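This document starts with one chain, in the form predicted alone, laid out as structure tokens.
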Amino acid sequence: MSCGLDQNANIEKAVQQIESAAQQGADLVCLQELFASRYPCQSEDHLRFDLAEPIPGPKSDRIATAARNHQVVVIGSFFERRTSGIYHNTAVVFDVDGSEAGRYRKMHVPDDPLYYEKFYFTPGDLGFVSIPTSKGDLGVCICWDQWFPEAARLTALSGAEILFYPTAIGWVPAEKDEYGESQCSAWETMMRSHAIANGVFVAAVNRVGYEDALEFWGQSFICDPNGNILVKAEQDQEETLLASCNLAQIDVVRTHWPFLRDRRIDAYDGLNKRFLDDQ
């Protein structure tokens, strides 16, 4: 969805989208990254810390209520104020009764032009986890996490059947003509590779619209454990995507492509190093 300057209007739009998805038969609903406001990290501005609030708080309570009212699992992404001076980019999973099933704090925090997240967010400290819900075991990573195969692997190894990636990714206008197509292609390829390598479903949920210097490219999609795209949104309009995810497919795919079986866990010690310098 697109976001405006009025936080309450954004939240109410999200609640309406949750209701609409539930009426169409959805069991699980995922909102985009930091859905309650325009993306706040295009510049370093101390006033934007005012967007944050504790969890539970008014914003998360509103989404919890929507989950309970419509009997769906909802993933919401929030600007969390943990305590004075410590803020996180946090996704919370609410079960169908509105209770908190679990949360994830963004582990990989970028610092790029127009994405100055290190100014705002402390890196997550909850690890890569699977969150049990009444509708399945879910893994949640957030935006920049999507480029790291280690994050997807550890989340899948923890038992997640579906990996959700609430996202805010877009084009810098000056780069779009030259790099835009390859950037989108790389983004989609990475997520499809997570599905294939781990034998899981993957759902990428992005925002749309122009916000200051960024044009968010939308194109949210859901893919199966073979990497096949089940549904995909347009780049320039709000949409609610629905897809049926047969979780029994995970075992079928993993027995035919036994990547988890054939991992050489005795040979991967180098992954905990920044770089393997020649000795």
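Because the structure is predicted, anything quoted here is derived from the model rather than measured. Residue numbers run from 1 along the displayed sequence.
Not pictured, yet referred to below: the form predicted together with a further copy of the same chain.
- Of the candidates 73, 208, 101, 196, 196 is the one whose heavy atoms come within 4.5 Å of a further copy of the same chain in the predicted complex; the others do not.
- A single residue from the set 138, 204, 142, 156 has any heavy atom within 4.5 angstroms of a further copy of the same chain in the predicted complex; that residue is 156.
- Contact here is defined as any heavy atom lying within 4.5 Å of a further copy of the same chain in the predicted complex, and by that definition not a single one of 8, 35 and 119 is a contact residue.
- In the predicted complex, a further copy of the same chain sits beyond 4.5 Å of every heavy atom of residue 244.
- A residue is said to contact a partner when one of its heavy atoms sits within 4.5 Å of a partner heavy atom; residue 25 fails this definition for a further copy of the same chain in the predicted complex, lying far away.
- a further copy of the same chain is not shown here, but in the predicted complex it comes within 4.5 Å of a heavy atom of residue 128.
- The shortest heavy atom separation between residue 172 and a further copy of the same chain in the predicted complex exceeds 4.5 Å.
- In the predicted complex, 182, 183, 185, 186, 189, 190 are the residues of 165-190 with at least one heavy atom within 4.5 Å of a further copy of the same chain, listed from first to last.
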